[in-house]
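We begin with a single chain expressed as structure tokens, specifically the form predicted alone.
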């Protein structure tokens, strides 16, 4: 039976980590590996592409494939569902829409998303709660040209965060974490405006157009946990 791409991926990674293929080494070409594993070159290519994306290999046309001199694993982040964040702590999730209106997107958000003119957008402010206590305050602008159905989404039943994850195709984005005063989020999070909070600003882009700009202010004592 021919070897699958995942098995080739795992064996190639083993060879890299055990230094059978040391840093900087030129590894066998796809044809040679296909003969070794008894599979098609396309199967080998898929396995090596995965290792290249993860930072283990450098692939250059006509120069072959080498083990990276200083392999660095590349982290990947999925857009988290706030409901899952809360429920994973054993708490009850709920949310409340504070404001929702269709309006012209402000220039700072337009610039961040690379939008020109006055895009048709919806502005939604949402309070997320854990066990009925404030967890995070979300200030979100959605480009309705990229997600037109958001304009009529039942946000009383499904949060903006969850609706967009389920319905708006996601190609890439940016994340910024910072500490900043609560300001206008303070009253919603039961804290003073000058209270320092963890702030997340995210811009997400679909295959054809920018989708959303969101600023999340987390309640005091929020703890961020990431796996690498």
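Remember, predicted model here, so these are calculated numbers, not experimental data. Positions refer to the first chain, counted from 1. Here the rigid core means the biggest group of C-alpha atoms that line up within 1.5 Å when the two forms are laid on top of each other.
Keep in mind that the form predicted in complex with the DNA is missing from the display, and what follows is about it.
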Original post:
Among 201, 162, 30, 36, which has any heavy atom within 4.5 Å of the DNA in the model of the complex?
Top reply: 30
Subject >> Listed residue (42, 171, 69, 175) with a non-hydrogen atom within 4.5 angstroms of the DNA in the model of the complex >> reply: 42
Subject >> Interface membership of residue 53, the DNA in the model of the complex, 4.5 Å heavy atom rule >> reply: no
Original post:
Would residue 183 count as a contact of the DNA in the model of the complex, using a 4.5 angstroms cut-off between non-hydrogen atoms?
Top reply: no
Original post:
Would residue 63 show up as a contact with the DNA in the model of the complex if we use heavy atoms at 4.5 Å?
Top reply: yes
Original post:
Does residue 49 reach the DNA in the model of the complex, with heavy atoms at most 4.5 Å apart?
Top reply: yes
Original post:
Looking at 188-196, 175-183, 55-63, 162-170, which lies within 4.5 angstroms of the DNA in the model of the complex, counting heavy atoms?
Top reply: 55-63
Original post:
Under a superposition restricted to the rigid core, does residue 38 display a Cα displacement of 2 angstroms or more between the shown form and the other one?
Top reply: yes
Subject >> Rigid core superposed: residue 48 CA moves 2 Å or more between the shown form and the other one >> reply: yes
**OP:** Indicate whether residue 209 shows a C-alpha shift of 2 Å or more between the shown form and the other one, with the rigid core used for the fit.
**Re:** no
